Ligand SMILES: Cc1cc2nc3c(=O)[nH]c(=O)nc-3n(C[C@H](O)[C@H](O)[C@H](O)COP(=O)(O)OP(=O)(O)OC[C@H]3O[C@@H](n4cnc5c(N)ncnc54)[C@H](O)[C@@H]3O)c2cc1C
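Only one chain is given next, in structure tokens, and it is the form predicted on its own.
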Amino acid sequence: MREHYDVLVVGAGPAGLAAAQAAASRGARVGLLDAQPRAGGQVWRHDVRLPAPRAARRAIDKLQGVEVLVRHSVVAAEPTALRVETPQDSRLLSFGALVLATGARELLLPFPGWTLPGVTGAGGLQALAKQGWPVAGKRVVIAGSGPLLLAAADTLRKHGAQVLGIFEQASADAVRSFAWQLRQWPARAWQAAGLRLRLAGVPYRFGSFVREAVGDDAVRGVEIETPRGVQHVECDLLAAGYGLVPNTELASLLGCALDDADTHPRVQVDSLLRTSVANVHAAGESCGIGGLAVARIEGAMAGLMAIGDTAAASAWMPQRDRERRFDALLARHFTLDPRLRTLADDQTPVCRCEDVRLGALAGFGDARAAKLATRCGMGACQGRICGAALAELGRFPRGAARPPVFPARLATLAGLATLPSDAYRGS
């Protein structure tokens, strides 16, 4: 099955929603792709217990004339078309212009015990709670770095969890300086103040990080390095995340230039969000971690550029540039403590999908050689977790993306339009 769109948008988070709305408002036939069952992305993920934020409801309600294609996973890319897989079949979606609003994922760093049941990312546990995973009454420790920790704690408390503490690896001086400079962005300052007010009574500790998760069949407690020494905290759940990493796999497959960062590259765009590939635009976190405001502005700009309205897109540039300064502020004040890169020992699993330990990677010069010998990165996440972690640890730079973008059925890989009911569902 082949379908054509004037503008195809990949990612139905805030950036993708804004891009689709902007392009459709000019009369273009717009398709909006997302692998999740509902639009909203990670920021506005559907919560089974709580109403959606008003901003999310407004953004979704405004999608007039947009064909929303949820549960569509991109498998492969061609210069003017994407091969996608749905629960029923696979399709080839061609486009006149493409907007990449693929967002970001959480950075997880290995430490002893990080693969125990009950240990997740901070954003990961937040997403699980929204999807109905029971956290009510559970004792939760939240650790890592960045404002996402506060947002995760707020969601978990709303779902009945007992948040024992938030342990931020950045120093107290760094966080205070960050908070003071938020006055340049009043909306963000009010949001941060609201979070802290709702989290009154929850300890918020700085210069602190998890050294080890302990337990036999599940996490039972954590050892936390603090400025005053190691602290043991008994808990039922540990959520530890160290910021976000841009999702650039699809852009890489399309041939879009990435910046030269070996650790966590981002999609290179010009001032009007054009990538190095003609008729392909990128917006939001895939271009660098900037938050909700940046995503919505850049999404609108990219959608307008996709239908050729350069003048309207240019009008957003001053506001975008102002908001983009926030990502530099985040990076500067939440720089990771070098000690976090030394926590894993040779016996610590680093590839959770294939159960490959860090010591097994010694002696390999690059990620590809390590993968061929150990299967590190060959699992369901396709190296998204271990690849980012190993890059952060300085072991290997991020390798080039290869199709499929996500694990797919063999029938999809064969290019079949209709899948038999008993099609093999492996990766």
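Computed from a predicted model, the values in this text were never measured in an experiment. Start at 1 with the first residue shown and count on from there.
The same protein also exists as the form predicted together with this ligand; that form is not shown, yet it is the one meant from here on.
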_residue 33 within 4.5 Å of this ligand in the predicted bound form, heavy atoms_ = yes
*With heavy atoms only and a cut-off of 4.5 Å, decide whether residue 124 touches this ligand in the predicted bound form.*
yes
*asked:* Within 4.5 Å, heavy atoms only: does residue 104 come near this ligand in the predicted bound form?
replied: yes
*Please run the contact check for residue 377 against this ligand in the predicted bound form: heavy atoms, 4.5 angstroms, yes or no?*
no
*Can you pick the stretch from 54-62, 36-44, 388-396, 354-362 whose heavy atoms fall within 4.5 Å of this ligand in the predicted bound form?*
36-44
_Just to be sure I understand the contacts: of 235, 148, 97, 343, which is the one whose heavy atoms reach within 4.5 angstroms of this ligand in the predicted bound form?_
148
*Contacting member of 330, 307, 254, 292, with respect to this ligand in the predicted bound form [4.5 Å, heavy atom]*: 292
*Should the three residues 13, 74 and 406 be counted as contacting this ligand in the predicted bound form, with contact defined as a heavy atom within 4.5 Å for each?*
yes
*Would you give me the residues of 348-362 that have any heavy atom within 4.5 Å of this ligand in the predicted bound form, in order from first to last?*
none
